[in-house]
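Two forms of the same protein chain are encoded below as structure tokens; each is given separately, as structure 1 and structure 2.
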Structure 1
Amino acid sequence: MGLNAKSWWRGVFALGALSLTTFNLPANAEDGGNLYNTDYDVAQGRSYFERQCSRCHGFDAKGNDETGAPDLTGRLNRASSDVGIFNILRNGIAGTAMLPVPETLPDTLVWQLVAFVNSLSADPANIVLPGSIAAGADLFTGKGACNACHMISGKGGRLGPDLTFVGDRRSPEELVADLIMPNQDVEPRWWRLRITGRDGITREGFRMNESSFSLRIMDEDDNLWSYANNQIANYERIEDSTMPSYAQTLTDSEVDDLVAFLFSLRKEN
């Protein structure tokens, strides 16, 4: 029924687009949202994206530091709505390498591209989780003792990522995996370096930065250390996580609660 309704509206929209062209109104989309968001539209958008956009944004749309193209799979920094995405696609972003799509590209395809970009991150408002946010918050500071290492809104430890807006960058599935299998996907920032200096002293800490000519770490007492390469006798990388797995310490429903709490940590909340 929903799909049929959308199809009907699509016809009306196409007529509207035609009249826009006739009257030479600006190409910006100003209202109406995206009416091209079926699976078919997403697939069309993906096809265009892989061909035209992936060189900078990556085949997986996770961005590219080298080109400066941002990750499109989480919260978007420059657009908060379908119309916002549409306008960026149509107009580009001045002063950056983000060029507009060709003028000749039909609005339909631009909306399909919007649908694809949206498909990369599910709308959190539509996600219903089994756990209790309140119970998760208690676990965070109680049985889980997560706050010993993680900060939320300036409160907590420094020995893990700041979780203030973790719900914007991790899906519920990823949060479950983070809790159960913390070694699976460790960001390089949270790798550790064990460094022995030329003075014979060995220090270990989180890998804050590893450059071509120097290293910087934070040890478990929150001390910051910087080494020039010529001060180092040897060092090794440890690429697993310092976080324990909660597979045994928390029950399944407690994991659900904690995930519900963590996923609620988003900017709109």
Structure 2
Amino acid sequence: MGLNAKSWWRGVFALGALSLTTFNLPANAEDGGNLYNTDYDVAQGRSYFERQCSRCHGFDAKGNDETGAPDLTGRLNRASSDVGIFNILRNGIAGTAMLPVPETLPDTLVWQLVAFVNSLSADPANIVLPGSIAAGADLFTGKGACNACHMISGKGGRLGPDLTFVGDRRSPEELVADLIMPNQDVEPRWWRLRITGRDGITREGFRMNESSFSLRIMDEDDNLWSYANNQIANYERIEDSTMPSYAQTLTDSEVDDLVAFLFSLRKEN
């Protein structure tokens, strides 16, 4: 699959996935595979997801850090097969907010939901990218200076998400969008606050905590600053990304190389 870098991001956006309701007795599926895996079945699963599951996992299936709902668009941590996904849907996960689907829900529809969850991610082995992984690695620490803000395997900066396994949670098209249009979808974890205290000093940093009583930020030097409400003259929430766009600074082929490298960063099978 060729990306043709800066044009592919226009077609990128995910779907939604798996958060459910009520309690039922455990009911495990046999390992016979999913017979309900046509485009029609995926569409039926998507319809159910959008009504029920998106409330926790979001319509894009990216999950929610604040509620603990996981991202379902990459490698699933708790299931490695269709049967595993089916059993999680039927039985829920003890000790978490993941409850089972209603016991009245037909098995057919549960399998269709399994098909939809599977449609959210593609087998990396079947994806052929035009870029060079080696050249992308050089760009990451060289011209792109990505390691100034991002960490891989404990090495790099802390001003952006850890990219050690980014290939498990971002598709090549999404990685292109991240590089070209970084402000398009910034997670709340990476919002910043610009705070002016009553002492007249203004500081800016990542939003570590924001409540009715206080604010806490971490600046670019990893210093933590806490403010009680009565210490704040004014503050501003900044929802743009600190990451620059590479639309003008990298060529199409360099974007392809960087995407190839980033997509290669996945857990071993």
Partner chain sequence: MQRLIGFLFLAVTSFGVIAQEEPFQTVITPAFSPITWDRLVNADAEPENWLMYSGTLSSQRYSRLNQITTANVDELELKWAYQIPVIDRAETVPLVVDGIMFITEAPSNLVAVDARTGGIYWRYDHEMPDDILICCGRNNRGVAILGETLFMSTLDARLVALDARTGNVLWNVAVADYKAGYSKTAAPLIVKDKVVTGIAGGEFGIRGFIDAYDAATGERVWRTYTIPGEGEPGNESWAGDSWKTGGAATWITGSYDPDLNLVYWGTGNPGPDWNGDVREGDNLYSDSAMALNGDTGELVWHFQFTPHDVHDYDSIQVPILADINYQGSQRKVMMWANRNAFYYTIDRETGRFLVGKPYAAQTWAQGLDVNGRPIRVPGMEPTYEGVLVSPPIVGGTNWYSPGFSQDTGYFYVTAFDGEQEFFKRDEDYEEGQRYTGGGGRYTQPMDAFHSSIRAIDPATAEIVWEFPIQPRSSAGITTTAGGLVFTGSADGFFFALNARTGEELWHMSLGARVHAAPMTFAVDGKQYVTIASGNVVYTFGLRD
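Numbering runs along the sequence of structure 1, starting at 1. Remember, it's a predicted structure, so these values are computed and weren't measured experimentally. Under this definition, the rigid core comprises the largest set of C-alpha atoms superposing within 1.5 Å between the forms.
- Looking at the condition given, the form predicted on its own, one finds it describes the source of structure 2 alone.
- Core-superposed comparison between structure 1 and structure 2: the Cα of Ile238 travels less than 2 Å.
- Comparing the forms between structure 1 and structure 2, the C-alpha position of Glu50 differs by 2 angstroms or more, with the core used for superposition.
- Fitting the two forms on the rigid core leaves the C-alpha of Ile152 displaced by under 2 angstroms between structure 1 and structure 2.
- If you overlay the core, the Cα of Thr108 moves by 7.6 Å between structure 1 and structure 2.
- The two forms line up on their rigid core, and Glu66 then has its Cα shifted by 8.7 Å between structure 1 and structure 2.
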